[in-house]
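One chain is shown next in structure tokens, namely the form predicted alone.
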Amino acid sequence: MNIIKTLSLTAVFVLSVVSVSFAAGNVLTSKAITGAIPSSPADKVWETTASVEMDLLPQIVAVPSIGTATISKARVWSVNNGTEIAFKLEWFDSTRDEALNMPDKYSDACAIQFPLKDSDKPNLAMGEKDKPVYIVHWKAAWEKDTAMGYQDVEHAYPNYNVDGYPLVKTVENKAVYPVNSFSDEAKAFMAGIAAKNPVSNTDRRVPVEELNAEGFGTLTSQSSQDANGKGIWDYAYWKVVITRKLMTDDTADTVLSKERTSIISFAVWDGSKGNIGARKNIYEGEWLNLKIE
């Protein structure tokens, strides 16, 4: 598989709320539309699309976990135009958490998960040995990074003071930011950047990340990132759209088409409740059947 063996310090899974129409049973129907795929959660096409409401449960299979769900319900919609597919996820969250640059702050987030192989129904807990999964993960912190630039120390702690950074110019004991202006030699002393940790990506262009896993502790970021997304916090609701092509040239991506039977699952994190990594809320029914019109 076309995957960088870089352990991502994230984990995954998500969903929604509010709609007049509902899809039946445990089937999520991706409505066929013409024209461009909606990239915004505010697009009017979502108002004409059936949704699935899901109860969420705490992830308790792996440690660390959470004892009770911090987000109890979510909703999902989907549309496709024969080439691309979009999923809109929505859930209630009274706090907007979009920090990753402080040790005691966590980001709101969500993710969708597919089996990588058609014939597999892997363990919901991020797959299992020889039954890998494909994941697209969105973070509120990454949304902020793409809108305002990489959020680093000077944003989290505007009054910080240091003795000095190796090979980095300082003014009044403060590093001269942004990080992307630092030399490659200086960046070598920054552990996250030097290790190519996706969380330390200072040049993030999209708020989502494509990953693969074969069980807990195996989550790896793909070397080729093709998905996109957009999230807005609207009157205490997170509304997130994740888009990708139905089929790509990347063998690490799940192939989606109306001719194939697909299943999908979701997870969501509430940063203010300490949700991070395996501390997440997952779909009670485990897998939804995905019908692509």
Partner chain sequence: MAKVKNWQLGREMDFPYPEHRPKKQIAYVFDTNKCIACQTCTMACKTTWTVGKGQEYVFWNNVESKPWGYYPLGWDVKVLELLGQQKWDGDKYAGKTIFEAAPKGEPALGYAPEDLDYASPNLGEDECKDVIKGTEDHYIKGPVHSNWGFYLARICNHCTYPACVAACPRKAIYKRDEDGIVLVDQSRCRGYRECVKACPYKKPYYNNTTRVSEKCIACYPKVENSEMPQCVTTCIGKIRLQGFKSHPDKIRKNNPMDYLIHVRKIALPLYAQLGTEPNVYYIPPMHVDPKYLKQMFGPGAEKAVQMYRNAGQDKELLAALLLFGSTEKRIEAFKIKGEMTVGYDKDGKEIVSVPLTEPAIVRPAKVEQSGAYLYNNT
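In this text the structure is predicted, and so the values were computed from the model without any measurement. Residue numbers count along the first chain shown, from 1.
Same protein, other form: the form predicted together with its partner chain, not shown, and the subject of what follows.
At a distance threshold of 4.5 angstroms between non-hydrogen atoms, Lys88 is out of contact with its partner chain in the predicted complex. For the chain shown alone, Trp77 is not a contact residue for its partner chain in the predicted complex, no non-hydrogen atom being within 4.5 angstroms. Residue contact check for Thr68: none of its heavy atoms lie within 4.5 Å of its partner chain in the predicted complex. Although the partner is absent here, Asp97 sits far enough away that none of its heavy atoms falls within 4.5 Å of its partner chain in the predicted complex. Comment: 164-172 is the region of 88-96, 68-76, 164-172, 114-122 lying near its partner chain in the predicted complex, near meaning a non-hydrogen atom within 4.5 Å. Three-residue candidate spot Tyr134, Thr251 and Trp287; no residue lies within 4.5 angstroms of its partner chain in the predicted complex by any non-hydrogen atom. Contact residues in stretch 117-154 (any heavy atom within 4.5 Å of its partner chain, taken in the predicted complex) are His137, Trp142, Asp145, Tyr150, Gln151, Asp152, Val153, Glu154.
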